[in-house]
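Just the one chain here, the form predicted alone, laid out as structure tokens.
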Amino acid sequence: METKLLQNNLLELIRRTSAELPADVVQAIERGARKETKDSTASYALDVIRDNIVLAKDASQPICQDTGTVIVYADLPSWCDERTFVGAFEKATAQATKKGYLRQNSVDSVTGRNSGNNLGPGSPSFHIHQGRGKSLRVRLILKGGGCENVSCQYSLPDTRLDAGRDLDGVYKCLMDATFQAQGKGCGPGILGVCIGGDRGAGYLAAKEALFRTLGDVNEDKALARLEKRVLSDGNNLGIGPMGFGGATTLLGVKITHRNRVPASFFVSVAYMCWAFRRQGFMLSESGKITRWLY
């Protein structure tokens, strides 16, 4: 495939991710809006969110002014090497920034200087694996700073929460994470969760869990029950959209797990805001997008 064609496809992926929420997220927001009391602050907040979704799509403009960290997961087939993919994605990122699909969001942590094109060490954040099929699979999340700031990690046992090293302890962590986020994470939010792993692997897996659709059911029955419990109880906390109160605090809870060493038991929480910018595609060697993933 020509590198320019790959770059153009990746630019369209970035544009669509920035401007258009996936159908499952829109549907969850609509369900939440129907649960709120008419003329309440929560109802008004969700109405503004719904209007924002429509306007952003119609104008092909970012849903949120904070277009966040560009997080890329790619499964490469034999015909696409890592260097080619990264180079094409970086060029697409710079082009998307110039066009206004992405805000100038990459800042040097030492000098404070903004790169102006969203490129720099660790920006974008690439997670690349060797794929098994003939198609290139690319998944993208744009994760804003507000929701990233309220993401968190627990080490069990946690005496503050009276949380032990079991699923009930995990439940207490997730309820605490939801309560602590309040409106600071631009709720209603989605929890991506990893039980176990080391500190770094736990956060990576928690973010990858956000690629699951909101309506799916966890293959692990114990985790499926936990997801359902946290979603129900989280929405009964009364925090509501943007922390204004109401019945819609969480839109989804997605939990995965990783093996751990006996000495450690981490619970990593990747909180995602209502502007759940998640998209992906399957790309053939000829350069045709054969399927959008969300």
Partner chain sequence: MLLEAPFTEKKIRALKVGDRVEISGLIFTGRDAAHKYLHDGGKPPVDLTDSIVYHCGPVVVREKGKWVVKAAGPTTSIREEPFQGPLMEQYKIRGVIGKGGMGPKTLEYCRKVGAVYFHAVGGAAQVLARKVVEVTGVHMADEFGSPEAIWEFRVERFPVVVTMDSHGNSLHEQVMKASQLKLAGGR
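Just so you know, these numbers come straight off a predicted model, no measurement behind them. Residue numbers count along the first chain shown, from 1.
A second form of this protein, the form predicted together with the partner chain, is not displayed here; the remarks below concern that form.
Which one of Lys184, Lys91, Arg212, Arg137 is close to the partner chain in the model of the complex, taking close to mean a heavy atom within 4.5 Å?
-> Contact with the partner chain in the model of the complex is made by Lys184 alone.
Which listed residue (Leu226, Leu250, Ile239, Ala28) meets the criterion of a heavy atom within 4.5 Å of the partner chain in the model of the complex?
-> Checked against the cut-off, the match is Ile239.
Classify Ser40 as contacting or not contacting the partner chain in the model of the complex by the rule of any non-hydrogen atom within 4.5 angstroms, answering yes or no.
-> Ser40: contacts the partner chain in the model of the complex.
Spell out, yes or no, whether the shortest heavy atom distance between Phe265 and the partner chain in the model of the complex is within 4.5 Å.
-> Judged by the heavy-atom cut-off of 4.5 Å, Phe265 is well away from the partner chain in the model of the complex.
Answer yes if any heavy atom of Gly122 is within 4.5 Å of a heavy atom of the partner chain in the model of the complex; otherwise answer no.
-> Outside the cut-off, so no.
At the 4.5 Å heavy atom threshold, is Gly169 in contact with the partner chain in the model of the complex?
-> Output for Gly169 is no: heavy atoms all beyond 4.5 Å of the partner chain.
Quick one: which of 203-211, 95-103, 190-198, 125-133 gets within 4.5 Å of the partner chain in the model of the complex, going by heavy atoms?
-> So the stretch in question is 95-103.
In the model of the complex: members of 206-228 within 4.5 Å of the partner chain, any heavy atom = Going through 206-228 in order - heavy atoms within 4.5 Å of the partner chain in the model of the complex - there are no hits.
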